[in-house]
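Take a look at this single chain, the form predicted on its own, given in structure tokens.
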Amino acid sequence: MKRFEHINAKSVDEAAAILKAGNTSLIAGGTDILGAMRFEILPDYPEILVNLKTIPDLDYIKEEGGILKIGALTRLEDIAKSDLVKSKYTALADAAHHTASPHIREMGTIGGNICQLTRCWYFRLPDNRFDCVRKGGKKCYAMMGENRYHSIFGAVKGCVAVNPSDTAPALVALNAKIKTNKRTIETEQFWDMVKPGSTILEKDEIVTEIQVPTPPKGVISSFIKFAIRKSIDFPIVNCAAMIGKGEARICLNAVHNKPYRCINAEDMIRGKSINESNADSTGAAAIEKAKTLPGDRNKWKIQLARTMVKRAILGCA
């Protein structure tokens, strides 16, 4: 690892000012950025890391005015174990519980989990060997190469990498908002394919809080994940759903460059009873627009996505 300067920020404003000034990155739990720096996967190696963990009052879980508020520095393990989150926001608690290993959940934060870089192996190869479109190059190497885990809903700006977050689909399904030092963003608008990141955050913009409206009584949410090595791995496909009282929100992830809200599927199940038949037809609706990449290596993910939607819906019964 190359040398870098480490600065303990005392406030969000101080951290934002440092970010704006130079070639800098944020660090909180450090479970993503340190690996990226160790293996030198980025085209621009950060000269400064701004530590957010030294900023007070960004680690909390509380309910105020019908909204669950989670500080950006709250650890995933605390969210997974919170009785409040488990009782009313089940999909989010389950998503946090199924993220990575127990040790990483003890270090990783909710803010870091939604801001992490893509796991595409061409992007992640050490020593920045592939100048892919996500790094400013002209070619997506996965498009015609090894793409068994890549997008089934097409490319974005020439890139077929997928969003690897487990908590992201739960937040979309629960209709959450993401508060930063500059604005409040609907979760569906939070992610995009940028170079080299995965969010629409500006250079000096920092996530400070997650806001989740309390679901009405009778509305149930669920989360399900498929990974090669169970929860310790990043998702091959995951899905969250929130259904009941005429409400239906369903979100797949790891199938597109950002969490993919299944509008067709929501229309299919909204107001209907949850049973095997309805869940199966809703799963089919969720993948109507899916297509494989050249070589058909990721064809199997389409059936997997259909099954994940079906099981997430049945989890809301």
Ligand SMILES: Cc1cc2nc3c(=O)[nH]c(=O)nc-3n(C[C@H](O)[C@H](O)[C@H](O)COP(=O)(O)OP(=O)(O)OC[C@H]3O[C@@H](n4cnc5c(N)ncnc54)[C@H](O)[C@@H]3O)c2cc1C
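One rule holds for the numbers: they count along the sequence shown, beginning at 1. All values derive from a computational prediction rather than experimental measurement.
Here the subject shifts to the form predicted together with the ligand, a form of this protein not shown in this document.
- Partner contact region in the predicted complex: 92-100, out of 92-100, 242-250, 77-85, 211-219, criterion any non-hydrogen atom within 4.5 Å of the ligand.
- None of L26, A290, M37, I61 but one reaches within 4.5 angstroms of the ligand in the predicted complex through a heavy atom, and that residue is L26.
- Distance criterion of 4.5 Å from any heavy atom to the ligand in the predicted complex singles out R119 from the list K177, K195, K182, R119.
- Proximity of G30 to the ligand in the predicted complex falls within the 4.5 Å heavy atom cutoff.
- In the predicted complex, F153 stays away from the ligand, with no heavy atom inside 4.5 Å.
- Interface residue remark: A72 is counted as part of the site for the ligand in the predicted complex, having a heavy atom within 4.5 Å.
- The ligand is not shown here, and in the predicted complex it never comes within 4.5 Å of any heavy atom of T187.
- Counting a residue when any of its non-hydrogen atoms is within 4.5 Å of the ligand in the predicted complex, the one hit in 186-201 is L201.
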